[in-house]
Structure formats: C-alpha cells, structure tokens
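Here we start with a single chain on its own, the form predicted on its own, put down as structure tokens.
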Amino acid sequence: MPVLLPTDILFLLMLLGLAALVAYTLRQEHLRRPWRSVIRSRSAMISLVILLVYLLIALLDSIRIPVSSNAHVNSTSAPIGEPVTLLDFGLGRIRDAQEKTYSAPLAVVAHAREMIRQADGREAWTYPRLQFGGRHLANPEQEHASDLIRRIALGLGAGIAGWALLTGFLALVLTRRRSDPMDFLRSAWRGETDLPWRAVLLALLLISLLAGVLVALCQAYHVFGTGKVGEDVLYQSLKSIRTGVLIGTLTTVATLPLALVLGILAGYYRGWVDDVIQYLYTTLNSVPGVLLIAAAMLVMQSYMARHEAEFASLATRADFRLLALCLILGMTSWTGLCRLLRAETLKLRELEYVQAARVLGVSQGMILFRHILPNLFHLVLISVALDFSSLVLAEAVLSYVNIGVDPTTESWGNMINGARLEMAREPVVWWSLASAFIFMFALVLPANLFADAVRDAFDPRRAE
C-alpha cells in the first residue's frame, strides 16, 4: 500500500480540488468565455504543457511505497526503511549511480586529481575513472565522443517515436466522434484549428526529444555531473521539482482562506470589523517577512527538538518542515490579496443587485456567497497565478539563508546554497548551480507566461 505523508495528502486533495474546479468551470458560460481566450494563446498553451510535465513529476514523487529493511536503497536518496516514491523507482539507475565526489557533466573521470596506483605498481597523480560514468568504455579517450553521439541519436529517435505515439493517442481522444483522426492532425499542423494545437504538438515534440536524450545519456553517464558526495545532479534536480511545486501550490492553499474571509468581511461590513482587519494586516506588513519566517521556523525547530519521538523518521521530519514552511509562507503572504479583495468588495457592495438583494431580505451569508464571492473569482485566480512563481523563488532564497526546507530535502534552494562553496573551488564546480537555475527557470518562466495570459483574459479592464 502507498505511504502518504501530510504534504502528499494535501497535494492530492489539491489536485482533486483543481479537477472539481475545472468541471465547475466547464458548466459556467461566464467562466468558459475567458478561458477560451487563454487556451487560444500559443504562449499560454506551450506554458501549460510544460507546467503539466512538472506537475506529473511532482505527482510521481508524492506517491510513496514502503521498502523492506532488506531492500537495497541508495542511502543518499532514501535510507533503509524509508518509503521510496514512484519517481525514485523510475530513476533507480541514476539514483544508485554513486561516485566518490565531484565529476563534470558527461565526464568519464573525476573532477579532481588523485594519487592512483597503476597496473605496474607505480603511483601517478591523475584523474581517476568514475565508477559509473562511462565505465562501459574500454578506451574512453577514443570512444567517448562517438559513444555520446550514438546515444544522442538513439535518444532523438526514441523521442520522435514517443512523440508519434503520444500524438496519435491525443488525436484519437480529441476526434473520438470524427471519422478520421488524420484530418485533425493535418489541420493542426497547418494551423487551421481554433486552438493552437500545432504549438502544443511542437512543445510536446521538444519535450519528447529532450526526455529521450536525457534517458539515453543517463544510462551510462552523469548528464549534469555529480555533487560533493557523488550524488547525480540530474537526480537532485528532478527530485527538487516536487519541493518547488508544493511550495507554490500548498502555500497558495494556506493563503486563500485568510485572504478571502478577511478581505470580504472587511469590505462588506466596514466599521469596526474593517478597522480590526486593516490593523491586523498593516501591522503584519510592518514587520519584515524574512524575520517573521525565521522566527516561525525557529519555533518549529524547537518544537521538533522537544518531541523527537514524533519525528524519528527522516521522511516525516523533512515533510513536517516542508509543511510548516508552506503554512508560514501562507500566513505571511495573504495581506496583499486581502487588501485587493477588500477594495473590490467595497465597490461590489454598493452595486444595484447587491442592494436589491439586501432590500428583498436575502441573508447576509447568502449575499456574500452568491453575489460577492463569484465576482471576486477573477482577482483570486489572477493573484494565484502571479504569486506561484514568486513563491517558488522564495524557497530558493530562504534555503540560501538556511531557514528553508530541511537540509535532507532535495530542493533547488539547497542546491544553490551548496553551490556557494563550490563556486570558490579550483577548478570551479559550476554544474550544480547551473542545473538548479535551468530547472527553476523552466518552471518559473512558463508560470509567468501562463499567469500573464490568465490576467489578460480575466481582468475586466483588459476585456475587449
């Protein structure tokens, strides 16, 4: 049976809530109309494809399966007895490909020289061969380049084949009521469809090619090199996706209830209720957010130290700290949305249909739920989409100053934090920082582009 930690449960519940929201949106014409504008945008659809890939990886890394104490699991990724995720099983080869220390991307020798005993008994100051990277090569100096080219070609071929299968399946699903799926594919490739399917198919092709090359290369090499303890950097980067996605999503879930309730109450009731809520978020904004987060994290660590029996498992300890960080970020980042919702509610409560409902004797709760809240949906959606990327970046900054996730948790922030000393080495170890930057950039940029499309579609001031 799968083992689900608290963050896993919350993440799965959030996905179910997202599916329910999509189903509700499909039944509401006033919500479908702006979403049509979003899905007609090429940049938004390409960004959505990339975001769904990240979401799938995070989902695979959130379903854990217990491993018996006799099973062999890499101690750097999952100690003996700790549950292992589906992503760990899929990445088992590079997860277990442990080296002694640093090695450059696609290298066959270590990054630093060592005193090596030769076959004839003499010792030489040279670069030792890696235990995993390129170990299948009998003569690395002559075979290395040709082997890389061969594997890249195989990866490109596998990527094209996978893309063809995925495209065919997509065409069958989308044209289940049509006579010939090939007509859809021809129309999509010519750009004759209402939706930008050609852009989606090209994005899927690029992702398939990249995935095929990475899979082909990681079978025999460390594609992004190895870290200080010899762990594969590509594995670290892929495992960090779940942390980044959860920070961006669960923090939003923690932010919304406070911002919605307090913002609507302050704008609708005004008077002393408005004064109290304004005093609350004004006081909270006057304290630097980093200090609040640091203080809350120290309190959380003190609690964990006093209740060590409850956190005997490394996975439980790291998961509790991740959940606490999401809640703390949510408690300190709700004020902006609350202020925005208060201002909009002040305007909505004076409109004719709200006043008519009040005169007809409709209860206050019904007015708030049926008339005020639905008309704030676009602001909530825009704010959530825009705040996601900033929350992902916030984790990197907090981990950099050692108040972020647990050090045993794979995250881009921890990778960047570890790269501080690596960049000062000679020769420079640059690939950990570069890998974290690439994966974070590939998540944050599509999130920003998709958020821009959502803002343009839902903002009434931008409506045509």
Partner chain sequence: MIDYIIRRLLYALPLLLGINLLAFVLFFVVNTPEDMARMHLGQKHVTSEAIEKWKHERGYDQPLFWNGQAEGAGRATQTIFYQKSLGLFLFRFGRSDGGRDIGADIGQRMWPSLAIAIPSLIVGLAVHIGFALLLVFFRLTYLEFWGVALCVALMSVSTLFYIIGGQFLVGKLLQLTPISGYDGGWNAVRFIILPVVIGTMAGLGSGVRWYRTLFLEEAEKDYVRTARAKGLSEARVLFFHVLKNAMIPILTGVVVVLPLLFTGSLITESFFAIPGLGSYTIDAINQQDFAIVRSMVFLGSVLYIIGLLLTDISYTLVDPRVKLS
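Just so we're clear, the structure is a prediction, and the values are computed from it rather than from any experiment. Positions refer to the first chain, counted from 1.
One more form of this protein should be noted, the form predicted together with the partner chain, which is absent from this view; the next part is about it.
S.K.: Using 4.5 Å between non-hydrogen atoms, is residue 306 touching the partner chain in the model of the complex?
M.R.: Close contact exists here: in the model of the complex, residue 306 approaches the partner chain to within 4.5 Å, heavy atoms only.
S.K.: Hey, in the model of the complex, is residue 48 touching the partner chain, heavy atoms inside 4.5 Å?
M.R.: Close contact is absent here: in the model of the complex, residue 48 is far from the partner chain, nothing within 4.5 Å, heavy atoms only.
S.K.: Using a 4.5 angstroms cut-off on non-hydrogen atoms, would residue 299 count as touching the partner chain in the model of the complex?
M.R.: It does: once the partner chain is placed as it appears in the model of the complex, residue 299 has a heavy atom within 4.5 Å of it.
S.K.: Are any of the heavy atoms in residue 285 no more than 4.5 Å from a heavy atom of the partner chain in the model of the complex?
M.R.: Looking in the model of the complex, residue contacts with the partner chain include residue 285, since a heavy atom lies within 4.5 Å.
S.K.: Pick from 403, 38, 65, 53: which has a non-hydrogen atom within 4.5 Å of the partner chain in the model of the complex?
M.R.: Partner contact (heavy atom, 4.5 Å) among the options: 403.
S.K.: Is it true that 91, 94 and 200, all three, sit within 4.5 Å of the partner chain in the model of the complex, judged by heavy atoms?
M.R.: The answer is no: none of the three residues contacts the partner (heavy atom, 4.5 Å cut-off).
S.K.: Using a 4.5 Å heavy atom cut-off, indicate which stretch of 184-192, 287-295, 133-141, 111-119 touches the partner chain in the model of the complex.
M.R.: Only one stretch qualifies here: 287-295.
S.K.: Would you give me the residues of 381-400 that have any heavy atom within 4.5 Å of the partner chain in the model of the complex, in order from first to last?
M.R.: The stretch 381-400, when checked against the partner chain in the model of the complex, contributes 393, 396, 397, 400 at the 4.5 Å heavy-atom cut-off.
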